[in-house]
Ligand SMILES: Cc1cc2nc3c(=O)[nH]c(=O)nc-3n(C[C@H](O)[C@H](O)[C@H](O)COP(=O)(O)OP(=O)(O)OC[C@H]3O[C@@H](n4cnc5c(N)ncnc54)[C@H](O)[C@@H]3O)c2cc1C
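Shown here is one chain on its own, the form predicted on its own, set out as structure tokens.
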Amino acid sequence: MRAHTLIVDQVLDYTPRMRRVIFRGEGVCNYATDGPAVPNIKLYFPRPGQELDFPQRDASGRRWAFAGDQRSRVRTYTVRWLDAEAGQMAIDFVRHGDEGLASAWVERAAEGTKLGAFGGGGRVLKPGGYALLLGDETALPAISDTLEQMPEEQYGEVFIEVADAAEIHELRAPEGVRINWLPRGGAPAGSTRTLIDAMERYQLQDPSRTHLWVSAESQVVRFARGWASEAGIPKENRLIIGYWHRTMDEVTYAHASDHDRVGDEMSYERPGHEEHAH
């Protein structure tokens, strides 16, 4: 997988805390044809106020030889939509002000701003069964994309935790999928039991046919794995991944627990974007 330079074309705020950045150009076209492209993308952020400084390849030519703080400036995001023919791609960011590298970058993003990308891919919710999705605002782009990819006959329910009522907006989904918004009244992200309470109250009709997808803060996904096991949802029908940890940055969280992943859960990948396409 090569490194690609993405150039900002537009910046759109569709809620007070969600910002969509649309990229354009040759870098998007090359990214789209260079192996798996969705649902996730590895973004590489420059140092604040500096140009992109992509790492070199190691002696084998197959891996990146990160130097200094380069590895710590890689983040994983969801590709909101990708139009390879038009050379455009959208990525949604949660706005946190200047509290982190990615947050500071997106606050200052404007037409012509550059960002790096290394590669994409990843698992997605398997179609069919009864879809049950839970996530906070960091999972909202992935949930939105998943809903749009579902077959029209899909049934299920979605629970989305957001900061407050101002974050609620229309999502496209099959008629048989019910969407529940869970505002936490302005409380800090990761400080409430909103999603845990939703799981504890939920009455599963047929655990063997339930396809469960959960992504949120670490404590939520760890609870979800135990809850799913007790409820009888088969491991092959679960995809539970921690997107963030209250006390760690993404790189530290990945090294400490691999985002609370396990190896024997749902392994479905979107057709045409499988890992073996590398």
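Because the structure is a prediction, the values reported are computed rather than measured. Start at 1 with the first residue shown and count on from there.
A second form of this protein, the form predicted together with the named molecule, is not displayed here; the remarks below concern that form.
Enquirer: Flag Asn40 as yes or no: does it have a non-hydrogen atom within 4.5 angstroms of any non-hydrogen atom of the named molecule in the predicted complex?
Expert: Contact check for Asn40: yes, within 4.5 Å of the named molecule in the predicted complex.
Enquirer: Quick check on Met248: any heavy atom within 4.5 Å of the named molecule in the predicted complex?
Expert: It does: once the named molecule is placed as it appears in the predicted complex, Met248 has a heavy atom within 4.5 Å of it.
Enquirer: Is Glu99 one of the residues lying within 4.5 Å of the named molecule in the predicted complex, judged by heavy atom distances?
Expert: Yes, Glu99 sits close enough to the named molecule in the predicted complex that at least one of its heavy atoms falls within 4.5 Å.
Enquirer: Could you confirm whether Thr138 comes within 4.5 Å of the named molecule in the predicted complex, counting heavy atoms only?
Expert: Although the named molecule is absent here, Thr138 would touch it in the predicted complex, with heavy atoms inside 4.5 Å.
Enquirer: Taking the partner as it appears in the predicted complex, which of 138-146, 157-165, 81-89, 196-204 has residues with heavy atoms within 4.5 Å of the named molecule?
Expert: Stretch with heavy atoms near the partner: 138-146.
Enquirer: Would you check whether the named molecule, in the predicted complex, lies within 4.5 angstroms of a non-hydrogen atom from each of Val94, Ser103 and Tyr243?
Expert: Heavy-atom distance to the named molecule in the predicted complex: all three under 4.5 Å.
Enquirer: Only one of His259, Arg24, Arg270, Arg20 gets a heavy atom within 4.5 Å of the named molecule in the predicted complex. Which one?
Expert: Selected option: His259.
Enquirer: Note which of Ala189, Leu115, Val177, Ala109 lies within 4.5 Å of the named molecule in the predicted complex, where distance is taken over heavy atoms; exactly one does.
Expert: So the residue touching the named molecule in the predicted complex, by this definition, is Ala189.
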